[in-house]
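One chain is shown next in structure tokens, namely the form predicted alone.
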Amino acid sequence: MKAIIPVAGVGTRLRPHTFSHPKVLLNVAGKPIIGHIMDKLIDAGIDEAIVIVGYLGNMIEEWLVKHYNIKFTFVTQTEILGLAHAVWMCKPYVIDDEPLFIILGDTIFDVDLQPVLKSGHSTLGVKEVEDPRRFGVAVTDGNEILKLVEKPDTPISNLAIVGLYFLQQASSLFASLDYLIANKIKTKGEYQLTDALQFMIEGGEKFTTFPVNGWYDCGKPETLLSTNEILLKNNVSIKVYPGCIINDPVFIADSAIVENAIIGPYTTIGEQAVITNTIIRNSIIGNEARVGNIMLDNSIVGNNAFITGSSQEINIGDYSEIRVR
């Protein structure tokens, strides 16, 4: 089965980290965001992925091809015109009568997809949220969807569509997308996938919902750190570092060097990072970063960054250098 994975976003809320890395390659609990997604898809039986890239897309392509042995097709979105437009660009690579799974590239989730992909009808992942105005929402009768609305100004449902879409027949989806784009139908300035799905419902397509309780946001520094914490909770370090205290849960890459340090809880240390004379907790340290003589909490340190000093809260991007006196 094919999956479509849109990852063309710039990730402005995660700057400075996304100046030099696409958001989906940021490390969370020991692997890039896109790695968590791909592992789930492959476990569910997905054997082909159409990946929609844009900003720094070559880095995403290289990483995926290096780490996963499935068929990839990469589609470049040069204009960010909305999720519906991004999916519409994949039409030449999809067979009309085949089922299709769409997952947003910044959506780390904890749900068993196998029953979803065998459900026999179109279905969307949903989760109850406090502020539905930020999401596309579903109005339901039981688990059958009656109506979909993108970012309603007046809340009509608290069931948010969380970026997991299973379509029983691709042809129905692309017919709806064709109509949307041919008639320049936009919501809030963009072509919305929610609107295309609503047209399908109005045309008689049956949609149901499935609950997604484990849905983790990686869009901002604070939510990236909270997701890192959640994903690490089942991780126990088995490697011993002489002269160090490891407070699980943590992830420390095998190639990292850790000396005279207290690490954790809820800390990720990337490949070939060097940590000395340091206390780090609730933080993500990038690949090849060097951190010494400092205490860090609730911090994100990019790849190849260098930090030395005293107790601080840090959020710096790749290749940065800070000296705190």
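Only a predicted model underlies this, so the values are computations on that prediction, with no experimental measurement involved. Sequential numbering from 1, following the sequence displayed.
One more form of this protein, predicted together with a small molecule, exists but is not displayed; see below.
Only one of the listed residues (Val137, Leu180, Leu193, Ala86) places a non-hydrogen atom within 4.5 angstroms of the small molecule in the model of the complex, and that residue is Ala86.
Note that among 202 to 210, 121 to 129, 239 to 247, 78 to 86, the stretch whose heavy atoms approach the small molecule to within 4.5 Å in the model of the complex is 78 to 86. Among residues of the shown chain, His17 is not one whose heavy atoms approach the small molecule to within 4.5 Å in the model of the complex. By the criterion of a heavy atom within 4.5 Å, Asp106 is counted among the residues contacting the small molecule in the model of the complex.
The closest non-hydrogen atom of Ala3 lies beyond 4.5 Å of the small molecule in the model of the complex. At a distance threshold of 4.5 angstroms between non-hydrogen atoms, Gly9 is in contact with the small molecule in the model of the complex.
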